[in-house]
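Just the one chain here, the form predicted on its own, laid out as structure tokens.
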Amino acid sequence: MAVQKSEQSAQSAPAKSAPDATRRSERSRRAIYDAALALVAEAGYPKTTIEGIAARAGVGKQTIYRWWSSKADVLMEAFLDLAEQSTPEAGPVAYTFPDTGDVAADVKAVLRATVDQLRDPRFEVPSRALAAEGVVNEQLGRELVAKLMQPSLDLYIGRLRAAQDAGQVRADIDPRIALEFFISPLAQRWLQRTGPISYEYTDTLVDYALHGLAPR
């Protein structure tokens, strides 16, 4: 009777649900992002390793290699995620560019979101470490441009071409060169700490670039 009662209890007990592999994978991925960014900020890019990231994240090394082929790939993806997380109120600024019909207002809005990212300690510390390493490590520098910068640059180019079509920008300019009037001064000031970065500063960059320096 005792055995039969035990069997009946086992049959009537609700079955335990299987672990949610998707949720577990997302937790691991998030832990790896955080670990990679923290380590590159603390130790620099050269001393950051897959083994160190795995230990910091509390996952196996093979878990990382299952998703990424190198530490550079881990950091690139972590940075793309960080860019989205650092300015949620601005929307996915890394993948969209507003087009309200006013090119000056649109570029100013994107640059203001960029200022927010650059002043966010979560973004600033590890990004400075990567940017510095990209100057001396040509391969990493090229990957930074191709995977992190170029998608955003392409959006600037597309917005400036739309402004050309609308007659707001001269038709004979090269948008790839023109966007550097916005991007390069901000990047230099931030990287070399030659002055504060602010909304007022980036707004002025846009006004100078679109209206020129010659007397009107």
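Rigid core here is just the name for the largest C-alpha set that superposes within 1.5 Å across the two forms. Just so we're clear, the structure is a prediction, and the values are computed from it rather than from any experiment. From 1 onward, residues are counted along the sequence shown.
Only in words, not in the display: the form predicted in complex with another copy of the chain, which the text now covers.
Shown alone here, G52 lies farther than 4.5 Å from another copy of the chain in the model of the complex, counting heavy atoms only. In the model of the complex, at least one heavy atom of N137 sits within 4.5 Å of another copy of the chain. By the criterion of a heavy atom within 4.5 Å, R66 is excluded from the residues contacting another copy of the chain in the model of the complex. By the criterion of a heavy atom within 4.5 Å, A132 is counted among the residues contacting another copy of the chain in the model of the complex. Not one of A72, G101 and D154 is positioned with any heavy atom within 4.5 Å of another copy of the chain in the model of the complex. Counting a residue when any of its non-hydrogen atoms is within 4.5 Å of another copy of the chain in the model of the complex, the hits in 153 to 175 run G167, Q168, V169, R170, D172, I173, D174. Core-superposed comparison between the shown form and the other one: the C-alpha position of I173 differs by less than 2 Å. In the core-superposed comparison between the shown form and the other one, the C-alpha atom of K108 has shifted by less than 2 angstroms. In the core-superposed comparison between the shown form and the other one, A129 has its Cα shifted by less than 2 Å.
Relative to what is shown, R66 and E138 are closer in the model of the complex; their C-alpha atoms differ in spacing by at least 3 Å. Three angstroms is the minimum change: in the model of the complex, the CA atoms of P46 and P121 sit closer than in this structure, by 3 Å or more.
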